[in-house]
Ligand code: UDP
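Before any questions on how it binds or moves, here is one chain, the form predicted alone, in structure tokens.
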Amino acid sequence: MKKILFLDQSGKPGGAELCLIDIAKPYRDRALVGLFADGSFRNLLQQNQIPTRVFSTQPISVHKASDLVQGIKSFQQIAPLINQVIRTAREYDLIYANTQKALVVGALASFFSRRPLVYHLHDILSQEHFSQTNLRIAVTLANRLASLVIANSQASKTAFIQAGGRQDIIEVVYNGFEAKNYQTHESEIRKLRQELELENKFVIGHFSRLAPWKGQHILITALAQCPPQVTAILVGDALFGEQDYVKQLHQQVAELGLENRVKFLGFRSDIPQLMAACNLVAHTSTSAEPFGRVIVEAMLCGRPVVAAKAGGAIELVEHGINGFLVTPTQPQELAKVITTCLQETQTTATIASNARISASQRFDVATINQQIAKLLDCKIKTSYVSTNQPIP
């Protein structure tokens, strides 16, 4: 019976962390999730009865744009963390690195503990998102030490190979979702719209952290070109020192006279309910997303989605069939789709229905977990055979 050590760098739940919860659940009686920072993500894991250990209370100071000098300086900080993970890894059959920093620590733990390493790639590895140093480190470690790289989309896989990654070790497995978690009763929707003063409004929802590349400013610009009953709710807040962008958004709203048509709701836990209270969900990233979790969540809520035509979104949305695609950073194009959804209600309802059906079929968490389990079984058996050890 295989035992898995999952590793993740974050104390806060993002898309990669929510995905990890679903992957770790089937193994919770024989797995451990090791975190490199404490926070609300640990609470979520524990709520799902997934064994958890916080290896470090100090966040690792290396970021996506860090250079070699910053990386070297941080090594002294993470050395005790690496030692802890190496000792722990010897008690498990496989190391599963869920983020890039987890890959660095997990690769070293794999080398010294002689345990196979799996890297779950939730990013598009390109210079648009990462420094050249971090790109080189991630690709080199994956190529030399990972038995398997799981990419969350064809876009992520393509970027990995273009960055020099080995094609023979990477497989695409989409994120999985529990469809029943996205069902909201009509009475709850009405109550929420009343609380937010959204009755008789055409509501566009935007769900992500407030950051320039997430493109909330694109939606606000588009909103100014839409009929007056169109209102936007922005769900999420700034992270990683992006408060200046939040100020810019509020200033933009004021300059366009949209104070009564844009609501900043901050971080919320009732995402499925809020999505269900929307007439349309907008995804406006200015750079290619590796997957687009919000897109699938909105589909499962039975809401039409308009998404930026780049990266993983292209694999999720078929324009005019189960959603809409628009050119990134083009608010005029976005405004046109919003107005179409407002006016052509029957066509939009059909598209939303198609979205719910396709998403529930393509991204069923049980099916996705079976795909991952099959890959992990294969890698563990291969590893033990190559080292002449008995398979647990």
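Predicted model only: the values in this text are computed from it and were never measured. The numbering used is simple: start at 1 and walk along the sequence shown.
Missing here is the form predicted in complex with the named molecule; even so, the following discussion is about that form.
K.L.:
Does the named molecule, in the predicted bound form, lie within 4.5 angstroms of each residue among F6, A102 and L125, using heavy atoms as the measure?
P.N.:
No, the candidate spot makes no contact with the named molecule.
K.L.:
Name the stretch: of 264 to 272, 135 to 143, 246 to 254, 110 to 118, exactly one has residues whose heavy atoms fall within 4.5 Å of the named molecule in the predicted bound form.
P.N.:
So the stretch in question is 264 to 272.
K.L.:
I'd like to know if S208 sits close to the named molecule in the predicted bound form, meaning any non-hydrogen atom pair within 4.5 angstroms.
P.N.:
Yes - in the predicted bound form, heavy atoms of S208 and the named molecule come within 4.5 Å of each other.
K.L.:
Using heavy atoms and a 4.5 Å limit, would one call A24 a contact residue for the named molecule in the predicted bound form?
P.N.:
No, A24 stays farther than 4.5 Å from the named molecule in the predicted bound form.
K.L.:
Does R303 reach the named molecule in the predicted bound form if we count a contact as any heavy atom within 4.5 Å?
P.N.:
No, R303 sits far enough from the named molecule in the predicted bound form that none of its heavy atoms falls within 4.5 Å.
K.L.:
Quick one: does W213 come within 4.5 Å of the named molecule in the predicted bound form, counting heavy atoms only?
P.N.:
So W213 counts as contacting the named molecule.
K.L.:
Heavy atom within 4.5 Å of the named molecule in the predicted bound form: which residues of 267 to 299 meet that condition, in order?
P.N.:
Contacting residues: F267, R268, I271, E289, G292, R293, V294, E297.
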